[in-house]
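First comes one chain, alone, set out as structure tokens in the form predicted on its own.
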């Protein structure tokens, strides 16, 4: 019972910790990607490395037909992105100008919900939306006119005057200092890039299928013209942050495994010592040491199996409950909830309900138990029947 209980709690705690950490990161990444980048983007070849309009592409019929051909794709959001200098009176600032289809963009990233003043872009509008921090720096407001100057397609000059029709508020300070949105047609005219796009964000029906969809896209599209990038290729720093956090958690779990291993080893050593007389008699009357060792090893393995299965059964309802009813930081720490909201993330901490997590942790603990059972096997092969029976 002691051995099985040790294994039970080891599986329970390790599985819950792993599922909790994975659930929190998955939700954070989903919130971040759904606000702008998406899980997959189709871009012109070499655009991501160069960030130049010279690598823009013309969407062909094959690209436009993808939502009909691949069931996993819900829609595609076209963009034309480049840099420009924004000027108002005596102030000037570098900006990111993004040409969008207003309705499609808002449906994907919730851009319209970020509007804090003025009105949202409509198809055919010749004005622009700008980030709140950028507007404050330039001292500009709704109905004022902003001058944009930049470099267009193939080195052409890009210049234009646009009225500010709305101001957006972004949780990220970086986005809040530089973002400007205009309609896609206006962006193509401004940069002299008629019918061109720099990226097409692929909106998925199930975000977990992004690797599968990427492989399907690579077979459907001309990879000499297009580059298909998934989120971890576009944002390696986010992947590194997740790995760093996971490394700390795995160290904690390693310490937990070590503690549990000593507990299990202690019970196995105690059991072996208490049964030396029994082992001595059995070997003394002619029982094969090999058979005795196998029976003893199987006995310990079954104890480990019982503890591992009990740990899985005990962890499943716990993890499932918190996957459906995540912890809300705002209910426990109001300040922390406000910080999450400020950065555009909901303060919910769910668990990831994935069978692989339970099975992996149970398997690790089970393997540890079977290895530690080798001590009993070793003692059986070294036992001297006469001395064991005298003790």
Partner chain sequence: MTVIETKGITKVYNPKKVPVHALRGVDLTIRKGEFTAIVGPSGSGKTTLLNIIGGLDQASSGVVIVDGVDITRISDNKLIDFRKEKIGFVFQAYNLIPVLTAAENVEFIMLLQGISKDKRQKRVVELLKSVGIEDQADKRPSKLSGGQQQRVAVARALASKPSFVLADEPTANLDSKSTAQLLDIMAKLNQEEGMTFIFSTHDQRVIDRARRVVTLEDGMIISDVTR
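Numbering follows the first chain given and starts at 1. The structure displayed is predicted, hence computed values, not measured ones. C-alpha atoms forming the largest set that superposes within 1.5 Å between two forms make up the rigid core.
Below: the form predicted in complex with the partner chain, not depicted.
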Contact residue in the predicted complex, from 145, 288, 244, 156 (heavy atom within 4.5 Å of the partner chain):
288
Just one of 263, 284, 78, 72 has a heavy atom within 4.5 angstroms of the partner chain in the predicted complex, so which one?
284
Location of the partner chain contact in the predicted complex, chosen stretch of 276-284, 137-145, 79-87, 217-225 [non-hydrogen atom, 4.5 Å]:
276-284
Give a yes/no on whether residue 1 approaches the partner chain to within 4.5 Å in the predicted complex, heavy atoms considered.
no
Even though the partner isn't displayed, in the predicted complex is residue 389 close enough to the partner chain, meaning a heavy atom within 4.5 Å?
yes
Core-superposed comparison between the shown form and the other one, residue 291 Cα displacement 2 Å or beyond:
yes
Superposing on the rigid core, do we see a C-alpha displacement of 2 Å or more at residue 379 between the shown form and the other one?
yes
